[in-house]
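A single chain comes next, written as C-alpha cells; it is the form predicted on its own.
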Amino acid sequence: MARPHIEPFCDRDVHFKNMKLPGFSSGMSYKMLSLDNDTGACSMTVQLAGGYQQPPGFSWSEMEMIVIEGELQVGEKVCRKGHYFYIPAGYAMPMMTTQQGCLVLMMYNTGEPSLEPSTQHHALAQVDLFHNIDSYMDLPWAMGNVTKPSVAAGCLIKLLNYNPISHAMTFLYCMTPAFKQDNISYHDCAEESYHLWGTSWMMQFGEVPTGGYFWRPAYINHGAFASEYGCIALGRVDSKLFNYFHYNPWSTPIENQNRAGARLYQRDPLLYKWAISYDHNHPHGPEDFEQTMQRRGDSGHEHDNEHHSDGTRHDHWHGHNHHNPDSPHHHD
C-alpha cells in the first residue's frame, strides 16, 4: 500500500470536513487519517450528525467499519460502540440512520470512498465474506501470541477479520494497566492502529492518546511500549505479521530489511536461496546487524575473517566457491 508513514497523529488535533463525494447524504463529515494517493484507499474518522440517513447502496471498494461512539442503525440492527463490519466491494448495505449522531471509523481498502445507490449486491460481490459482530460484547479477549516470537504478556487481542490469501488481519488489541515491553520491533508488513480508548506510550513518539493513530510502513522501528492505565485500539496489518525484536533504536528501515533477510537466511537458507534467485542460485547471506555491531566490553581484537589458517585470503564467509576473476560469472 502506497501510504506514507504517519506517526504520531491524533485526530482530536484537526477539524472535521464535510463529505462532498457523490452518493453520500449531507450530515456526514470526516477527518482523513491516511490516504493512498494512487488508489484513493483511505482510513477516516467519520461523524454522522443526528438524524443522518444514508440510502441503501454498495461501495466499489472493500471497506471495514467500527462504531467508536453513539448508535448506528443498519437496517433493523442497532449497532453500538465496538460493533464491527467487514463489507466486500459491491455488497449492498441497507439504509443506515442515527438518531443522536455517532462517530465511526471507516476504512476503504481498495479504492476511494464511494456509494452506489442499490438494494441489490453487485453480480461479482463476494457476499459470503460479509460479516459483522459486536466486538466488545460477543468476542472474548485472547492472548496476543498469534505470532512467534510474540509480544509481552498483557497485550490481548480479538481477531475481527483474516484474509487467508494475504494473511492480512484486522483485530482489536488492548494493553492491560501497567503493561510494559522493553524491546524494539518492526515487521515485514504495513501496520495501522487507531486508539479507540485509553493511552499508551512509545519511546519514539511519546504518549498516544484516545484518537491517536499511525500508519507505519514495513521495517520501521517502534517500541519500547508501555501503558499506565491500559488502552483499547483497532489494529490492521496488510500481510503476514512477524515480529522482529532487537535493541538498536537507531537502525534504519534498510538495515532492518537486510536483517529480516538475514534472519530468513539463518532460519531457512533454501527458502532464502529461492526468494532471491534471478539468473543463478548463488545467494549472499545478508548482514544481521545485531550479530556484527560493536558491543560494550568488546576488546577491539576482532576475529580475523580475512585470512584462513593456511594464510590464504577469504574476504567473506558465505560457504561457497569463488570463481576465477577472469570468469564472466561475477558478483556486483
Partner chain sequence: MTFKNLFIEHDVTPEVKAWLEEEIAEQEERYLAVEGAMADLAPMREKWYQEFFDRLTKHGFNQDGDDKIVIKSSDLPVKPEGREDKVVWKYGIDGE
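Positions refer to the first chain, counted from 1. Just so you know, these numbers come straight off a predicted model, no measurement behind them.
The same protein also has a form predicted together with its partner chain, omitted here; what follows describes it.
When its partner chain is considered in the predicted bound form, K20 lines it closely, a heavy atom lying within 4.5 Å.
Its partner chain is not drawn, but in the predicted bound form it has no heavy atom within 4.5 Å of G75. Using a 4.5 Å cutoff between non-hydrogen atoms, D134 does not count as a contact of its partner chain in the predicted bound form. Among heavy atoms of P94, none comes within 4.5 Å of its partner chain in the predicted bound form. Scanning P249, G235, G230, G101 against its partner chain in the predicted bound form with a 4.5 Å heavy atom cut-off leaves one residue, P249. Interface residue among L196, M106, I184, M169, judged by heavy atoms within 4.5 Å of its partner chain in the predicted bound form: I184. Heavy atoms within 4.5 Å of its partner chain in the predicted bound form map, among the stretches 217-225, 169-177, 134-142, 77-85, onto 217-225 alone. Along 73-93, residues Y86, A89, G90 each place a heavy atom within 4.5 Å of its partner chain in the predicted bound form.
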